[in-house]
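Below you'll find only one chain, the form predicted alone, shown as structure tokens.
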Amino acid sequence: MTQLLASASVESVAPGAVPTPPRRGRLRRRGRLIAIAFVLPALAVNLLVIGGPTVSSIIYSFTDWNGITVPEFVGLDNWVRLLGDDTFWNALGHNFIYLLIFLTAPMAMGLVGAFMLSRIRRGAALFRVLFFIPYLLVSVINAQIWRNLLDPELGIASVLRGMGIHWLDDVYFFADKDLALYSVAFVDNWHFWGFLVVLFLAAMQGIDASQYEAARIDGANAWQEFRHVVLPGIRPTLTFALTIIAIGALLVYDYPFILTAGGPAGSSDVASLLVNRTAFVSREAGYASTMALALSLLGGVFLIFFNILRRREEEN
């Protein structure tokens, strides 16, 4: 009887198929359910913290709302107003200037600094810490340090004046319309480029040592080694750095707010500062939602563009 049942069960399995014990299938389903149970709380928090405000912002962007009373639906009026708002486009133009600055100076400084550190065999860890310290400091502290240093009465200008050098006399870096935005970007760059040094250094250390040896055998100098070995070897990291710089330049808020608050006369104003003022000073929360949503759409364009670059790098 036992032999008949065994032969029947074997015959019921399709030829070439491997029978799966029922217990193994139950364990897999149970594992999936446990995984979903662990993910659900994080997903719920994400939907509550991110999804809720996102949907609310989309809805309010089509309303006239002061943040307190009942919103009044106005259709596309806010978007039409945004297209003709010179203040918004002026602030957004400053964001793009900020982006161009950070795509050049800190990127170049980070690459050069990382390459130089990669060639140091003793004390490299100490230099990494020193480069990274400004990034760890709170932005308020960084800003106050440089506010004092660039003060024409108390900072570097005062020291130079005492030495008989008057180059910086009456130069108000954060109060001059022609210098304010670039001065803020300089302070932000000072705090940020050390992060890029550490990021690029980690990527460079992941390059196969045999590539460096082959380049040296072929007679490559330091520049040729950097150009033909290092840069191709860290392309994914470069794409990642470009992504965070683009998004960071679009959403920059802390240093412009602390150092100049967008002044003087809007010369260092950026989009995030304008959104904040529109919502909480002018009490136009509906219009501020339109601005914020436009920034989000622009950030989405950046993400799509850099994601395409990343995929091409992976394919190559």
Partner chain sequence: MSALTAIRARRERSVERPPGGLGRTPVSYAVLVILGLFAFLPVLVLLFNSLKTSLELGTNPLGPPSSLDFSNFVEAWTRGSMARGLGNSAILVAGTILGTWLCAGSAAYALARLDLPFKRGVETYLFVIISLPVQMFIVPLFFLWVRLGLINTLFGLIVIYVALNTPFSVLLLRTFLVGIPRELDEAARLDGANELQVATRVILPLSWPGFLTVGLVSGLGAYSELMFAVTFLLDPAQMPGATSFLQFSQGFTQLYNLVNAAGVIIVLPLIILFLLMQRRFIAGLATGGTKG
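For clarity, every value in this text was computed on a predicted model and none was experimentally measured. We call the rigid core whatever largest set of C-alpha positions still superposes within 1.5 Å between the two forms. Numbering follows the first chain given and starts at 1.
Omitted here: the form predicted together with its partner chain. The next part is about that form.
Between its partner chain and 48, 147 and 151, in the predicted bound form, does every residue show a non-hydrogen atom at 4.5 Å or closer? Result yes, every residue of the spot touches its partner chain.
With a 4.5 Å heavy atom cut-off, would you call residue 235 a contact of its partner chain in the predicted bound form? No, residue 235 sits far enough from its partner chain in the predicted bound form that none of its heavy atoms falls within 4.5 Å.
Hey, in the predicted bound form, does residue 158 get a heavy atom within 4.5 angstroms of its partner chain? Yes, residue 158 sits close enough to its partner chain in the predicted bound form that at least one of its heavy atoms falls within 4.5 Å.
Taking 4.5 angstroms as the cut-off for heavy atoms, does residue 118 touch its partner chain in the predicted bound form? Contact with its partner chain, yes.
Any chance residue 62 has a heavy atom within 4.5 Å of its partner chain in the predicted bound form? Outside the cut-off, so no.
Please name which of the stretches 80-88, 177-185, 163-171, 212-220 has residues with heavy atoms lying within 4.5 Å of its partner chain in the predicted bound form. Within 4.5 Å of the partner lies stretch 212-220.
Any residue of 171-192 with a heavy atom within 4.5 Å of its partner chain in the predicted bound form counts; write them all down in order. The stretch 171-192, when checked against its partner chain in the predicted bound form, contributes 186, 188, 190, 191, 192 at the 4.5 Å heavy-atom cut-off.
Would you tell me if residue 46 moves between the shown form and the other one by 2 Å or more at its C-alpha, with the rigid core held superposed? Passes the 2 Å threshold, so yes.
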